[in-house]
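Single chain ahead, written as structure tokens, the form predicted on its own.
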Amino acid sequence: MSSKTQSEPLCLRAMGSFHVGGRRVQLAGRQPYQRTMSVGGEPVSINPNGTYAVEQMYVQYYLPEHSNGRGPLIFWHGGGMTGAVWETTPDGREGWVNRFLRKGWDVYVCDAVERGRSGFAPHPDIWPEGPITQTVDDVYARFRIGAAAGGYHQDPARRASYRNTRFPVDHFDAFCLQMVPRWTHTNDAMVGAFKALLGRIGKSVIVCHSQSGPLAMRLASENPGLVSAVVGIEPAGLPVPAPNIYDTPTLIVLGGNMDSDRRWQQLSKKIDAFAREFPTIQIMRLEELGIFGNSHVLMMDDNSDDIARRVDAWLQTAMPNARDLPR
């Protein structure tokens, strides 16, 4: 084991996984065909007609031996990623899953609808659109690791990164191995699957990132009895439709170098206006705390442990331990 991954043992009372949500769709009138499914095997007949299970969500859970009594915490990843973004940093350090487990949280890590182990539906038979895939060049710029478009180079020595970046740039290629195709028409299905998860495990905290930020806030505004708090790590938008009431305690965490990125300049203004409208929303701007250089994936940056501690401290204030409440 690498010295970077060594830590005190994690003691669990349970762990496991399941799928939740989804729907059944029937197809008819398609032409059967033959394929050899295994190397050295015999061809089999494939009949695309029949019933498909689609839009389910994969959930993995870890329950610490000693719970902090604040209820479950769900990790919801951003666009083009899976739950792996919360598990281990590209340079081998413990991710936020472990960090929050060590704080006594019951942790649920999801691969949202159409990502990773959740699977996806036939295109265009069931889903009308094909997926979007991202180049490593695009990820390098949009995640504010490189200082501008074109900053990525296949030769690590020739890459242009922010001088103050907290992202472990030497391990950027390892991070890119996590990226997966994404769809843009499945928002409702994502929200529906998370609602089904909350119906199963009960009222929970949602820690979300990027694309999932506006979806988690939409879920909270439409179902206030299911979401106890939201932590939005650089949400890439705001809930649509805009809520009339938003009572869920929400922390939005914003990293560094946004002034050099026009898209994030605009998003930052929208987030400010949203927070002014609803007093339950608090913004944590890391640069205002003297913390500079954080990328869009700040849960992977070299100061990710410090940010996790700040998030946990906010949650302790926003959500008192059930054992501490007056009886």
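Treat the numbers as computed from the prediction; the structure is a model and nothing was measured. We number the residues from 1 along the sequence you see.
Same protein, other form: the form predicted together with another copy of the chain, not shown, and the subject of what follows.
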Can you work out which of Ser67, Gln282, Gln60, Ser268 has a heavy atom no more than 4.5 Å from another copy of the chain in the predicted complex?
Gln60
Please determine, with the chain shown alone, which of 132-140, 161-169, 252-260, 221-229 has non-hydrogen atoms within 4.5 Å of another copy of the chain in the predicted complex.
132-140
Whether Thr248 contacts another copy of the chain in the predicted complex should be assessed with a 4.5 Å heavy atom distance threshold; does it?
no
Contact label in the predicted complex: Tyr152 to another copy of the chain, heavy atom within 4.5 Å
yes
With the cut-off set at 4.5 Å between non-hydrogen atoms, does Trp183 touch another copy of the chain in the predicted complex?
yes
Within a 4.5 Å heavy atom cut-off, is Phe292 in contact with another copy of the chain in the predicted complex?
no
At a 4.5 angstroms cut-off on non-hydrogen atoms, which residues of 76-113 are near another copy of the chain in the predicted complex? List them in order.
Thr82, Gly83, Ala84, Glu87, Thr88, Val97, Asn98, Leu101, Tyr108, Val109, Asp111
